[in-house]
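One chain follows as structure tokens, the form predicted on its own.
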Amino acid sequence: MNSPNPTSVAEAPREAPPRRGPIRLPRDRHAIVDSFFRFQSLFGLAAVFIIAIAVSPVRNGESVFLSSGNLANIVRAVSEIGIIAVGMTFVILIGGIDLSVGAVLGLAAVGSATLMVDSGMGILPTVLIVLLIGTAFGATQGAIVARLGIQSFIVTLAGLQAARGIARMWSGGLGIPIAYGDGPQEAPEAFSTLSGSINGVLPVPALLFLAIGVGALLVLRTTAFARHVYAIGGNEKAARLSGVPVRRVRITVFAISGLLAALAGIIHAGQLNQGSPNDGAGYELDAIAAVVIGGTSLAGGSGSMGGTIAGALLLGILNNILALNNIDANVQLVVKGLVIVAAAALQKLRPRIA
């Protein structure tokens, strides 16, 4: 009997190798990991606060860090960067960046000092004009980005140079001191309240930062505008096809950033009693750092205002405790850089784990 031809015998089908999908965590563990990443800025803030208490110098048996005067100094120092960071959050959520905010702060500080001291204007018209200048500057940048399609990095880098130049021309390249009184070349006394505090405890700039932060938090949680912002940052093409007014939202977001940078400039002039064209140098980097530490993705579409507020406070505490321990200024920059990288690394790690 002839043996069957091996080639005629149907081979048994081979089993396909099992697919290696994402590792799924148990439900309770997944919830814990997801909560950690959602509130990473709050956990980071709490950790830095505890470390600051532990390493704080002690004077007369009391922690210098926990003294009421030092805590007031922290929130006062954070207020300007925090207000700028609130505006920066809106910009980054749509996938943009605004490098001009520090220069706009300097322009606003110069404008505040010049209008009150040299032009003799009152507080209200000065504030309105300066805020209008900041808003118009930001909206112009947003219009260029939206209508010409130029990257926001390039547009706002050019805006940084332009704002510095305008501030120097306006001030003659010099700082303008602000003296208070009713005579010529003097600003209204009420403007000095920006450097004061309420009941000697809560600095006025910190109160303004808190009010603006809470307002922005409510906007991002409750308005259609916020949904449009997140949609553009997540997928601009899909947002446009869904009827989102992408150009208008983009212009509005940059206008908000310019408005808040100008407000920070007014506060800056009130705290330092002067307006200088060099004020605000490097503030844009600290604002971006606060947003990133707060968990907002630089790619856009993901982030929260609460995280930004916590990120700004974290940076303020970090700067303060390093200074209290007389850490070299160059080392402070290195530490801040490492914190920013760690925050960005957590953003990259999140989708792989959760």
Partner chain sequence: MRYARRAATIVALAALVATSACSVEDDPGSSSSDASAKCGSGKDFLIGMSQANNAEPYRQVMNDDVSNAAKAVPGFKVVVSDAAQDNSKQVADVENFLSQGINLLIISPNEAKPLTAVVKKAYDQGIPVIVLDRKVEGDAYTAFIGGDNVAIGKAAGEYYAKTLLPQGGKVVEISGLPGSTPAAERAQGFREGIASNPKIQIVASQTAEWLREKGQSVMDAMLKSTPDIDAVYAHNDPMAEGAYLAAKAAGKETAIKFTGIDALPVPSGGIKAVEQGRLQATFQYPTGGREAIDLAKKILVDCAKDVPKTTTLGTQQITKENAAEVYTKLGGKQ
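Positions refer to the first chain, counted from 1. What you see is a predicted model, and the numbers here were worked out from it, not measured in a lab.
Another form, the form predicted in complex with the partner chain, is not on view; read the next lines as being about it.
- This chain appears without its partner; in the predicted complex, the one residue of L93, I178, V75, L259 with a heavy atom within 4.5 Å of the partner chain is I178.
- Checking A46, I53, A323, A299 against the partner chain in the predicted complex, a heavy atom within 4.5 Å turns up for just one residue: A323.
- The closest non-hydrogen atom of H268 lies within 4.5 Å of the partner chain in the predicted complex.
- Though the partner is left out of this view, T140 does not reach within 4.5 Å of the partner chain in the predicted complex, counting heavy atoms only.
- In the predicted complex, the partner chain sits within 4.5 Å of a heavy atom belonging to L174.
- Within 4.5 Å of some heavy atom of the partner chain in the predicted complex lies at least one heavy atom of Q274.
- Listed stretches are 275 to 283, 184 to 192, 198 to 206, 222 to 230; the contact stretch with the partner chain in the predicted complex is 275 to 283, by a heavy atom cutoff of 4.5 Å.
- Of the residues in 56 to 86, those that come within 4.5 Å of the partner chain in the predicted complex through at least one heavy atom are, in sequence order, P57, V58, R59, N60, V64, N70, N73, R76, A77, E80.
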